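The chain below stands alone, shown as structure tokens; this is the form predicted on its own.
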Amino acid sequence: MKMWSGRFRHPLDPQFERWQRSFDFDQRLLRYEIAASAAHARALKNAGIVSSDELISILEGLQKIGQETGSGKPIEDDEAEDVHHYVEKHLVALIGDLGYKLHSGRSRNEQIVTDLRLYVRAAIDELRGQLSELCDAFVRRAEQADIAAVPGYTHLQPAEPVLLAHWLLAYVEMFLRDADRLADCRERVNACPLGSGSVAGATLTLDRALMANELDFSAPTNNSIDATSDRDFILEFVNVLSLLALHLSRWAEETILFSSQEFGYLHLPEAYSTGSSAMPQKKNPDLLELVRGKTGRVIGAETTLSVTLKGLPLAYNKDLQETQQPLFDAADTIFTLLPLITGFMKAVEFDYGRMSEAAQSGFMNAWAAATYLVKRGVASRLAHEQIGKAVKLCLEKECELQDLTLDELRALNPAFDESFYECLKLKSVLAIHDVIGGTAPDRVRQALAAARNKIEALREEVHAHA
């Protein structure tokens, strides 16, 4: 029996009936539907709608449905219109017509948005846990790299040497911001719509605070119209996922470049690579390319949600059913990516020698050279020009700055002396960036310790919500 069929004189068109059902995808909300239904049942008992014995029967029936369907395998049910219908139908089969009493004073409009809030809240907690593991993998590799240097780039052109650890920590900063955004989103997700009814509020005097507390929400929602039509929390969540995916994609792109023969800074782990069916020598960065490709999928889900929501009048409209699949797909995509990338980072091999060699060629010590003159009283703009002329001379002679003679340097500026050659060495070039956030080894060690503390704090927050 449909949950709404009383006023209808004719059955639904079979093709339409099958097409408009959502149970195939919203069944993943089943455990949240059961939890929310249990909270509603307790509120009904407090309101005098069901007796203590009836409450026990309802709760036992809901628990049994959860036990029977807890394997995670897809549920086949050709009658269930949605997850709410499925639970009611099976509850009635277990405890008789008392099962119909559970729907007293509530609407599917409030049920679905409650289930979705519970799902997003749980997804946030799981993703923040995965992000803590991902950041840990990056930090461990940064610690192992110690003072190994790699070229830093601007405009994809060699700019200055940086510590490999500094490069890895740049991504840790991005991922930690993503974890913070998820935490911010969680605060807005964590409000309970139960008791909102279909649009105007429940028709029974239900204790909304009790239901919110039962489900560990911070408070009931403030407005029944907004509560039943709000999907901001889904859009915000997927927006954060799209930004996280974007960060993963940037990492993947750089890692693809650095793994190529032209760069050779790292060797792809075979466990996360594939070969070519035509060229026997190939090792392809398939994981990295798929990370880059699946980012479009997550951003596409965000766009789908925005377009779906942009013109909807208040309150509930069936269009809102279309917000579920983009949500699930975006979350599933990120859930799958993060452990794979964590595994990749644990297995990847860096070629410290190749990186160090590249970090000491191509005039990446030129700014350090200009700084040498600035510290001797030369105006910055003039120092820049004079080192530029020194680079031009090197290009003509096919050499590096350290290969110029002191006489050649003094012809450009008499401030040069023998100490200039020491400032050009990789160790000196790195050390000169001795500011908060800089790549000087002592600063990077401080940044590693700070990152460790942030990761531990993140883990404690995740554990607190477990």
Ligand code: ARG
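Here the structure is a predicted model, which means the values were calculated and not measured. We number the residues from 1 along the sequence you see.
The following text describes the form predicted together with the named molecule, which does not appear among the structures shown.
- Among the residues H247, R108, R128, R181, the one placing a heavy atom within 4.5 Å of the named molecule in the model of the complex is R108.
- This chain is drawn without the named molecule; in the model of the complex, the residue among A252, L102, L241, I112 with a heavy atom within 4.5 Å of it is I112.
- Remark: of stretches 280-288, 153-161, 78-86, 300-308, the one touching the named molecule in the model of the complex is 78-86 (heavy atom within 4.5 Å).
- Proximity of W167 to the named molecule in the model of the complex: non-hydrogen atoms within 4.5 Å are absent; the residue sits far from the partner.
- Residue contact check for Q321: one or more of its heavy atoms lie within 4.5 Å of the named molecule in the model of the complex.
- In the model of the complex, none of the heavy atoms of F363 sits within 4.5 Å of a heavy atom of the named molecule.
- Residue contact check for F328: none of its heavy atoms lie within 4.5 Å of the named molecule in the model of the complex.
- For the partner-free chain shown, S22, D26 of 20-43 come within 4.5 angstroms of the named molecule in the model of the complex, judged by any non-hydrogen atom.
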